[in-house]
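Only one chain comes next, encoded as structure tokens, the form predicted alone.
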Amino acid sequence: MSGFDIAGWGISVPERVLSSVEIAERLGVDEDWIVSRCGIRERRIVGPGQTTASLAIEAGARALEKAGLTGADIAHLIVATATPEQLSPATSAFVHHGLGIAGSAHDVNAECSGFVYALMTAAAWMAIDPRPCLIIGSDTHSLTVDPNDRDLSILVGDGAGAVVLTPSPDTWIRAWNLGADGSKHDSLKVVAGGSRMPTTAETVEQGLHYAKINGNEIYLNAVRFSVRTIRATLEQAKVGVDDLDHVVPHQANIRIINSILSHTGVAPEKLVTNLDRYGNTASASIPIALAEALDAGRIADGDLVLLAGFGAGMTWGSILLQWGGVTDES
């Protein structure tokens, strides 16, 4: 099977910094309450003119530049997002135009698991059509959250992360696992604005266009399903947690991340996190953390890198990469 290299990567985060001090003052709570609850000291929030697509275009352009490619070289674009540019067409259409992509394009909405789903989709695509792909996770959840909602407004940040995949004779994926449980679709939701409940003056007045979360249910299932998918991926690859060099989880909440590490036995020093600076950037959180680790020189050829995410729906997934690739016979 044809494999891929990760030839380029890039991020885009808004300049506007929203600190936990500012949110604490607005909500009438202590900053320490926010930090101890989620581990987030600040997050980036979009300003006028910034959107899910504009962040995606910036991140994608940086990834293409690092890979030494242009949009004309890309055979397929996938944008993972749960906060689309508009209901129709897909956000990827705007990004396709903005970057001058030559090939096809589509969106993936698997909420905060979106980047993992998109990466697996691209890997499968390249197995039968070995040409470069651009994968972008981009979300602007600050625009979907009631600023007075204590559970969600302390968590979310905006941003985008991108990677360019180029064909390789080696495979970088040692193992993977994806899953979903649609019966838990009520755990985190935006009920108005779709075909089930079109937007009306009444839905806006009732705040039904804002995201709502069942925090306890999300916490329990996030830990449960993340532990399950990480164990399944390691078992498939026939490696143990001690063999891992880096774990890049969805940057959701430090209590969830620490619980996942504890239940799987992953050593804390292997964790890649930027949660304290960016908050939960949804489908962008894994590629942003991965790109920062690469820019810092933290990841070297031969390293085993585990990407793991979970999201509303619920969805979950993990991919074990061997950086630099490994032959099928290895």
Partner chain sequence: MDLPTVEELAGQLAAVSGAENVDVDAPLLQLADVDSLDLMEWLYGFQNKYPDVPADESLFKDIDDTTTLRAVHEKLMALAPAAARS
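Just so it is clear, the structure is predicted and the values come from calculations on it, not from any experiment. Positions refer to the first chain, counted from 1.
One more form of this protein, predicted together with its partner chain, exists but is not displayed; see below.
Enquirer: Taking its partner chain in the model of the complex as the reference, which of 255, 212, 150, 106 has a non-hydrogen atom within 4.5 Å?
Expert: Flagged contact: 255.
Enquirer: By the heavy atom within 4.5 Å rule, which residue out of 37, 66, 41, 270 makes contact with its partner chain in the model of the complex?
Expert: If I apply the 4.5 Å criterion carefully, the residue I get is 37.
Enquirer: For the chain shown here without its partner, which stretch in 199 to 207, 123 to 131, 247 to 255, 168 to 176 has non-hydrogen atoms within 4.5 angstroms of its partner chain in the model of the complex?
Expert: Correct option: 247 to 255.
Enquirer: Decide whether residue 189 counts as a contact residue for its partner chain in the model of the complex under a heavy atom distance cut-off of 4.5 Å.
Expert: Residue-level check for residue 189: no, no contact with its partner chain.
Enquirer: Do residue 97 and its partner chain come within 4.5 Å of each other in the model of the complex, heavy atoms counted?
Expert: No, residue 97 stays farther than 4.5 Å from its partner chain in the model of the complex.
Enquirer: When the contact criterion is heavy atoms within 4.5 Å, does residue 259 count as touching its partner chain in the model of the complex?
Expert: Judged by the heavy-atom cut-off of 4.5 Å, residue 259 is in contact with its partner chain in the model of the complex.
Enquirer: Contact with its partner chain in the model of the complex for residue 227, defined as at least one heavy atom pair within 4.5 Å: yes or no?
Expert: Output for residue 227 is yes: heavy atoms within 4.5 Å of its partner chain.
Enquirer: Select from 216 to 235 the residues with a non-hydrogen atom within 4.5 Å of its partner chain in the model of the complex and write them out in sequence order.
Expert: 216, 217, 219, 220, 223, 224, 227, in sequence order.
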